[in-house]
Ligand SMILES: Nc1nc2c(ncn2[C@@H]2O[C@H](COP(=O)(O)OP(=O)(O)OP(=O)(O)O)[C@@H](O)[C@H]2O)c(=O)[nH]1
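Let's start with one chain on its own, the form predicted on its own, as structure tokens.
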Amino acid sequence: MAEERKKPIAIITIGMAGAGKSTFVQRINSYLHSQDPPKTPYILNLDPAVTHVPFEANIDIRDTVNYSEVMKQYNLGPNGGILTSLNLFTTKFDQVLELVDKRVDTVDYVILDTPGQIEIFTWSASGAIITDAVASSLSTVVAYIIDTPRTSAPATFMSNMLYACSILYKTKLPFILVFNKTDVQSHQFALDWMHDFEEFQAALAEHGGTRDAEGEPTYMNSLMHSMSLVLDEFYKHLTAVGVSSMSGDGIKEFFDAVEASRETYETDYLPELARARATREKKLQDAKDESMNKLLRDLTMDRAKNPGGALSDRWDPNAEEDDDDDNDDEDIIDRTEEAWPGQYIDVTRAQRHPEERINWPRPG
């Protein structure tokens, strides 16, 4: 009997702007295509403002949402435009999941490239909806991309770790720290800081500006010292790999970590998801029962006061019903089926594609 095929793993790439997420996605895409036999991934681009991506996305948010028009219609700046575009796209994410579901038997990995606005995954509803929706149907891992050369200072390193900690506890998914650009600087210093508390304290002491004019530790120095104590336990539950998106070094180790995360997903995340779903369904059922009981009590009181009123309150089968649905919404496009004629939107021209029929509602 043939072995049952495993479901694909979803890789959600998250990181600061400029950390190299799109280049990293291009590199892992190239790596998967180079395997024997090739493992063609299913890629989603969720960055509405990018003018060019170095890979062929199967689903591209830019085919559905015009970032420039969103900025104009809602009077937003660049960051607000990206956040609102993703919020609008999330309203159609059920279509995305349907298209992904059609490919689960033919692909091994589903890869999501996200914008550099990291607040999407720390407090925005769209980030939570995307991660929860994907993780509820596929084994999912978060790849947090870090710009290694820019995190060599203790303060920036600590900032990245705090963001990583926030996203980990927000998503509760298997988490991999990906130290990118190791061809420029090795990530060994970061591993030393994570695994040896004294190493980070020594680096903190050597860093300039750690003491004030009276020789006392500065506020920032004391804060980072305290935070390093807090995060020491956090580091024990993280997997860290160093990669170079330019040369391809470390990509195999990254996929080894991704495959290892499947067990963590099944043993830790799925039971938690089942408990949360059961709690949510129980609350919903309790609310329905309470609403129904209240309705029955009201009907009983109303019939007691007005016995003949129920006879006049009957449904007219000849009454016309308005079943017209709004079918003007733009559907999600799967590039695997048919290439979009205007593959990328030039946001510098602020023009719509002639075939686009998007009319987003004005707020309030």
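A quick note: this is a predicted structure, and the numbers were derived from the prediction, not measured. Quick note: we count residues from 1 along the sequence shown, nothing fancier.
Below, we turn to the form predicted in complex with this ligand, even though it does not appear here.
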| message | I'd like to know whether Gly250 contacts this ligand in the model of the complex, with contact meaning heavy atoms within 4.5 angstroms. | response | no
| Do Ile12 and this ligand share at least one heavy atom pair within 4.5 Å in the model of the complex? | no
| said: Can you tell me if Asp108 lies within 4.5 angstroms of this ligand in the model of the complex, counting non-hydrogen atoms only? | reply: no
| According to a 4.5 angstroms non-hydrogen atom cut-off, is Ala153 in contact with this ligand in the model of the complex? | no
| request: Name the stretch, out of 264-272, 242-250, 193-201, 157-165, where some heavy atom lies within 4.5 Å of this ligand in the model of the complex. | output: 242-250
| Residues in 6-40 with any heavy atom within 4.5 Å of this ligand in the model of the complex | Met16, Ala17, Gly18, Ala19, Gly20, Lys21, Ser22, Thr23
